[in-house]
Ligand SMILES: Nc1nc2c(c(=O)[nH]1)N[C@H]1C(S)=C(S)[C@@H](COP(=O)(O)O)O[C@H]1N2
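Quick setup: one chain, the form predicted on its own, written in structure tokens, and binding and motion questions come after.
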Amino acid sequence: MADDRQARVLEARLKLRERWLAKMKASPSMSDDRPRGTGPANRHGMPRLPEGQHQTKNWPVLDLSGPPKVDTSSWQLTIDGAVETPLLLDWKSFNALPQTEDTSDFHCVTTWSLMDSKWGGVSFADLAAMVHPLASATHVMTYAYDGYTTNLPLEEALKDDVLLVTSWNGQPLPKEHGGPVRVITPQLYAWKGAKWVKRIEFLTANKLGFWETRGYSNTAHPWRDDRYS
């Protein structure tokens, strides 16, 4: 039964990817012919360290007001909006989904970059495949338990290394960094990945999130030094 479910998710993910592949390949993190940064190329051909960034060995803690009161016993994720099959997951059902492991870099708009983090969790693309976005869906908004929101176009959200992570470097994701579950967006500045995520809403038009309404870039491409609107 689990193998059948995984096969169905994979098939739906491949169909969804096919729909969005041209836009994904045209996005700046995969197509920019003059990326701004230094160091050897990452998996997408961009310099490892974007312009204006410095490498850190520690993971600084930044948030609006400290971690909200949510743990694995009360955590839930709602996925709804412009989809055919809305979904509600608790901690057990979320962790029963196909798990993805990946190593990627983490670029904060405040100029630091954390390199080579090992993440574990569920691919955003797998979740999208399960809910079957409508043909009219173009963006998603993620909502956090602390009230934070941030937006993504689907061509960014569906990339292979965009994950909802539960672990970091082999350990449960620390609460101060968004545990039990946060979104990571390695190809964009990290504010595009909400900590303590509780809802993903598929949208038929773009809608600005918390920082985007306060002057931060709507697109947030590190290799274009794209920090503010």
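Everything numeric in this text was worked out from a predicted model, so none of it was measured. So that there is no doubt, residue numbering starts at 1 and follows the sequence shown.
Not on display, but discussed next: the form predicted in complex with the ligand.
Next item on the list: Indicate whether W75 is a 4.5 Å heavy atom neighbour of the ligand in the predicted bound form.
Entry: Flag for W75 set to no.
Next item on the list: Answer for W196 alone: is it within 4.5 Å of the ligand in the predicted bound form, judged on heavy atom distances?
Entry: Looking in the predicted bound form, residue contacts with the ligand include W196, since a heavy atom lies within 4.5 Å.
Note to self: Under a 4.5 Å heavy atom criterion, is A144 part of the interface with the ligand in the predicted bound form?
What the structure shows: Close contact exists here: in the predicted bound form, A144 approaches the ligand to within 4.5 Å, heavy atoms only.
Check: Quick one: does A26 come within 4.5 Å of the ligand in the predicted bound form, counting heavy atoms only?
Finding: A26 lies outside the contact set for the ligand.
Next item on the list: Quick one: from D63, D160, D32, E51, grab the residue that has a heavy atom within 4.5 Å of the ligand in the predicted bound form.
Entry: That would be D63.
Notebook entry, point to check: Within 4.5 Å of the ligand in the predicted bound form, do we find a heavy atom from each of W59, Y148 and A190?
Noted result: Answer is yes for this spot.
Margin query: Using a 4.5 Å heavy atom cut-off, which of 200-208, 175-183, 161-169, 42-50 contacts the ligand in the predicted bound form?
Written below: Contact criterion met by 175-183 only.
Next item on the list: Using the arrangement in the predicted bound form, list in sequence order the residues of 102-130 with any heavy atom within 4.5 angstroms of the ligand.
Entry: Contacting residues: F106, C108, W112.
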